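Next come structure tokens for two forms of one protein chain, structure 1 first, structure 2 second.
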Structure 1
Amino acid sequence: MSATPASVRAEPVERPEFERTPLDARKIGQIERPLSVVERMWNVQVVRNFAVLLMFVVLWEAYTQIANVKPLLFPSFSDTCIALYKAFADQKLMAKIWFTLQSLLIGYAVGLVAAAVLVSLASIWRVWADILMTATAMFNPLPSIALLPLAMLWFGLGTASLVFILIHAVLWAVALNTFVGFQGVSHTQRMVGQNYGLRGVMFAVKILIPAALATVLSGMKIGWAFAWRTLIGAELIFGATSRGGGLGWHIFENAEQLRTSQVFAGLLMIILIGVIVEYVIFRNIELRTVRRWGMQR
């Protein structure tokens, strides 16, 4: 469509044919060369992340040392490390971490079971599907921490209240995603399952859950994220109203007494736990399932 006037019909130019014998591929040399070790290392995401992390730590330390930032406002990295060491040695940080994790695990597990029961009911009876959808539409946007004052009234100050609001944090997100995931399973895959004689629980376990695993997992991740945020928040409030026991309380207590390096140490532990759960546990589950199956990039 180059600048040819419309009246002249461009005809392709005719030219002679030819045939050639291509060079033997072996003579060309490197057709496929493995990348060098450095190139390959640099392609590993973890290595790159770690390098950036190191850079941040150095910047943090250098800035606080050179600019003489008050440790009360922003402690240096080394101060934070010392505080972390001390916290493990004499503030029984380990016990606090355990206290936090215990409530979290109980709440998360019970929440998952409750979600499984609700979704099973909803998959069998349409009324339950309506109930589930209405309940999630109502309760999913309700921050479970808002229930804490009432939970404290009903269950007292203690693990029972924590577990109650954790269940609330996990249940709706997981149930909603699982149910929506189940509904999204393609008709073909359902028919294949029924064709091979799967019914009831076996059908759910062998067809629905694997087929909807991407959504189910993302529901579980959101549930974990809500639960983790709720728990730390609740411990802060417990710390504010009475004596508590977990990591949130460690932060609150030390902030009250202006031991900022201890606050940083607590935050560091919270980050560490969060990173382990999201990037070790969940990532590995994903790598072994949905990513391997090509359902998620």
Structure 2
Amino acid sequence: MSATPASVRAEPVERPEFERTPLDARKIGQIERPLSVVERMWNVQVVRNFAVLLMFVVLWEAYTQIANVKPLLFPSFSDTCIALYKAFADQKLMAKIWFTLQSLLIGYAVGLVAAAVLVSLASIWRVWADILMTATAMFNPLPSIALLPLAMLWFGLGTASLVFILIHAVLWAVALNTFVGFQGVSHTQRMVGQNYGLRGVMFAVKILIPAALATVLSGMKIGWAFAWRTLIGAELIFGATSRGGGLGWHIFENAEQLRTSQVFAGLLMIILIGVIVEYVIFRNIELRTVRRWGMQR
């Protein structure tokens, strides 16, 4: 086929409806505007979270002052802070906080180890996967606090009873989320690990855990919340039985003596510890792992 002569080639079609007159750059103005100090600060999530907490504090204080609520029924935020300072001043509250955190750390750590062992077995053998799913369906809906009477009967009035119910609170939530996360790992990632010769523990450490870390962290946070609530509820009963304990016993003891400001101080301390664990520990882990890897927005 011969080439088309240049004289016969079609000229470009003019489309005046698509023509645009170039704008004068001097008339556009400033396209990129620097952010103000307030806008830069508001883009920081810690500042926004602090603003939300400050809003709750202001609403709390304003409600007690405007509605003129009796301090016996609902103390103000300022009265609660004063009661919290007095509780720290006599060093009794610090000892109770340490008792609570010590029991929590032991039960949470043992629960994480037990969940890791159970999920590892379920990832290798199908029968263990069936055992995990069946046991989770049986025991995960069972409130941990319901096992406290049996724990006190089996292990006596001591930390062992609290640790036992904490393990139950942590184990099933963490194991279920971790196993579901492992099952969600793509076949491509699995084949990459197998091509590199990874097997057993190294396969889980280098392939499964990084790929499912978002789900694993979610299970760890759920397990932490279950353990924290279970422990405080158990201490309300455990403390009433053995005349001692942690933050739960602090709340129970002051409620019996109608010292409502001290009860609110204990509740405020529980909230503060929960916020610190969420935003200092788990938040930093997420920022350095799943957020940095682009697995979460």
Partner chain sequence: MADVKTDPIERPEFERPSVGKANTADVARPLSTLEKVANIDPVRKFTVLLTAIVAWELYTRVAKVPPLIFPTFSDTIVALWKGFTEYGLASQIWASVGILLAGYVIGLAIGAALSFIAVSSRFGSDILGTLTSMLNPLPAVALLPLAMIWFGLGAKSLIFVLLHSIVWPVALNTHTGFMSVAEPLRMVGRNYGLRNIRYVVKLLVPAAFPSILAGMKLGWAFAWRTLIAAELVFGAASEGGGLGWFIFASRNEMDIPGAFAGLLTVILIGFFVENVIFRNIEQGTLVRWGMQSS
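Note that this is a predicted model, so its numbers are computed, not measured. Whichever C-alpha set is largest while still superposing within 1.5 Å between the two forms counts as the rigid core. Every residue number counts along structure 1's sequence, beginning with 1.
The form predicted alone appears here as structure 2. Relative to the superposed core, Trp60 shifts its CA atom by 2 Å or more between the two structures. Core-superposed comparison between the two structures: CA of Gln257 displaced by less than 2 Å. Core-superposed comparison between the two structures: the Cα of Val47 travels 2 Å or more. With both forms fitted on their core, the C-alpha atom of Val69 sits 2.6 Å from where it sits in the other form; this compares the forms between the two structures.
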